[in-house]
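The chain below stands alone and is given as structure tokens, in the form predicted on its own.
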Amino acid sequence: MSDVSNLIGIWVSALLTVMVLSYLLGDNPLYRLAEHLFVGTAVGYAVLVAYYSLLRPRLILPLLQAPLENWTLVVPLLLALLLLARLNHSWRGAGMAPLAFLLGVGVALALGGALFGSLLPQVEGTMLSVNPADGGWGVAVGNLVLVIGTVSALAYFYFTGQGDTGWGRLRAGFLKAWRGLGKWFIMVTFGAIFASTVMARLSLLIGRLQFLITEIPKTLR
């Protein structure tokens, strides 16, 4: 029975792979069917994971087993029920409160993550020694390039008007030079990110082609 299930799984996987790759010939019903199956499966999986890992152990079971000790969980339960009210057009107003709460929490988490997860670590990561005695000339040059790249990239997003005095024009010219250097660092960074993304997609494509070439002939023996 396991061999039959494995065989069916291989052929279904191969068929879906071919349906997805058919997009290379243009948009077609086979690709859209595979896309809909993928989205539906992903949504179903996300719902099951949310229920069994979050809602059931942290909300439903505590309220059923010890409702008096976990009475505070009624608040998120009511917010969730009010959020479902947005499915009905006449009750959409009742769903604004949980939606506003989710938006506020999301913005706070995004700002906190950007500050403590990106900005401060980036500042701390650029506090490097450029003294060759600390790690050699290679480390010193690498640290110097990192510091210059970070400062120039930040200067690219700093906009100021040109002053009328000689000092103002000198400062504007200095910032313009830094912004130009930062632009090149940003372009190199985006190019590296794009190349990494392309390599990841090519790795996925090679993996699926190897699957079609190696696994399908095995099922025909």
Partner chain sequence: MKVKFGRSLAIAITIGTGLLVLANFFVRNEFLRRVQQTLLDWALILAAVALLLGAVNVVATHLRKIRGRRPGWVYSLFLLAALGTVVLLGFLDPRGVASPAVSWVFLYVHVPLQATIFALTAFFIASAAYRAFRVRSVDSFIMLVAGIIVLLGQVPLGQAIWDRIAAAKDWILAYPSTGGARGIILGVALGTILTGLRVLLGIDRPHVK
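Definition used throughout: the rigid core is the maximal C-alpha set that superposes within 1.5 Å between two forms. Numbering follows the first chain given and starts at 1. Since the model is a prediction, treat every value here as computed from it, not as a measurement.
Quick note: we don't show the form predicted in complex with the partner chain, though the next part is all about it.
Among residues of the shown chain, L170 is not one whose heavy atoms approach the partner chain to within 4.5 Å in the predicted complex. In the predicted complex, the partner chain sits within 4.5 Å of a heavy atom belonging to L83.
Contact between T72 and the partner chain in the predicted complex is found at the 4.5 Å heavy atom cutoff. Proximity of G142 to the partner chain in the predicted complex falls within the 4.5 Å heavy atom cutoff. Of all the residues from 33 to 50, those having a non-hydrogen atom no more than 4.5 Å from the partner chain in the predicted complex are L33, A34, H36, L37, F38, V39, G40, T41, A42, V43, G44, Y45, A46, V47, L48, V49, A50. Once both forms are overlaid on the rigid core, the distance between the two CA positions of N131 between the shown form and the other one is under 2 angstroms. After superposition on the rigid core, displacement of the C-alpha of V151 between the shown form and the other one stays below 2 Å.
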